[in-house]
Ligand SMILES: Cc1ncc(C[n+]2csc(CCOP(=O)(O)OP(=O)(O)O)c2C)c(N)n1
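In structure tokens, one chain follows: the form predicted alone.
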């Protein structure tokens, strides 16, 4: 959340007397909404035309993503997973954006977006096999947990260097346009990515060549420990698109219906106008990673201001207003999610780990002499065990 200059941060600035969630000032701040914090249709956007089945699927996936996060955190804290990137409070953006695109479209995802893979058809056990670094997952156990993807599902994996894939997404979309394919592209990244050169290169390219791509900047208030007002002098992240001639807007990132509506519209407009930059205003409720301590740089009042705008609670209330959901279904859903996660954990942990020497595989089409020497040295240290 953007603060007044001189407000609180990890740099020792004085604490504001009161913190107001920007979503409560959506109209004033140009943040598009469909529902308010009570799930009522009071926003400036019309209710999207989503059927009951799709709405429930969206909500169930958001709950599953929340449940994955809760279990993943305990797995990391107990030493069973090496690293964890929490995503509590951010469930609406990537799930709603994913269903706004077709299965034929390509998605460049971030590291807080497990629902994208699941909505595309990846089995839950595949995610946990990746979290545990097992040999038979798509990346063969070689990547940090939560850095996922699967080209079989048209989902390009996240890279450790945030935002570095933005030019690649532009290039892929440009190639589709040159070939006259109807494929559209979605690239999701955090607000911290806008401070990297790749963001600006991508925006400039998109403004000039108008590839069929939608950029979603997930503004969760913090670039690790850097607050928005220290990260940029711009009033919004969306307006950065103005400099490059890229259509842009802001949306309530905790309103799944609003995210879907603006993303779907941007996708439909892409062949005609090219790229759109959507700033999804949301908040990271938990830690940046399992190596982080947010208490060192943000206040309890900051988090409390966002709690009433929880994306799961808002969508559930909306479903209840429509007669699509009830308390019994809520309890059954959470229990089902926990049971499915437990089964996936047991299956994934039983899978074999990769052999240490496999780290040299797939680096080049043909192994180099340097890699062969390194592999031999490793095997010698391991007593000949691969």
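Numbering follows the first chain given and starts at 1. Model, not experiment: these values are computed from the prediction.
Missing here is the form predicted together with the named molecule; even so, the following discussion is about that form.
Residues placing heavy atoms within 4.5 Å of the named molecule in the predicted complex fall in a single listed stretch, namely 156-164, out of 264-272, 208-216, 300-308, 156-164. Interface residue among 191, 137, 105, 150, judged by heavy atoms within 4.5 Å of the named molecule in the predicted complex: 191. Of the candidates 84, 101, 132, 111, 111 is the one whose heavy atoms come within 4.5 Å of the named molecule in the predicted complex; the others do not. A residue is said to contact a partner when one of its heavy atoms sits within 4.5 Å of a partner heavy atom; residue 248 fails this definition for the named molecule in the predicted complex, lying far away. Under a 4.5 angstroms non-hydrogen atom cutoff, the named molecule in the predicted complex has residue 223 among its neighbouring residues. In the predicted complex, residue 196 approaches the named molecule with a heavy atom inside 4.5 Å. The named molecule is not drawn, but in the predicted complex it has a heavy atom within 4.5 Å of residue 288.
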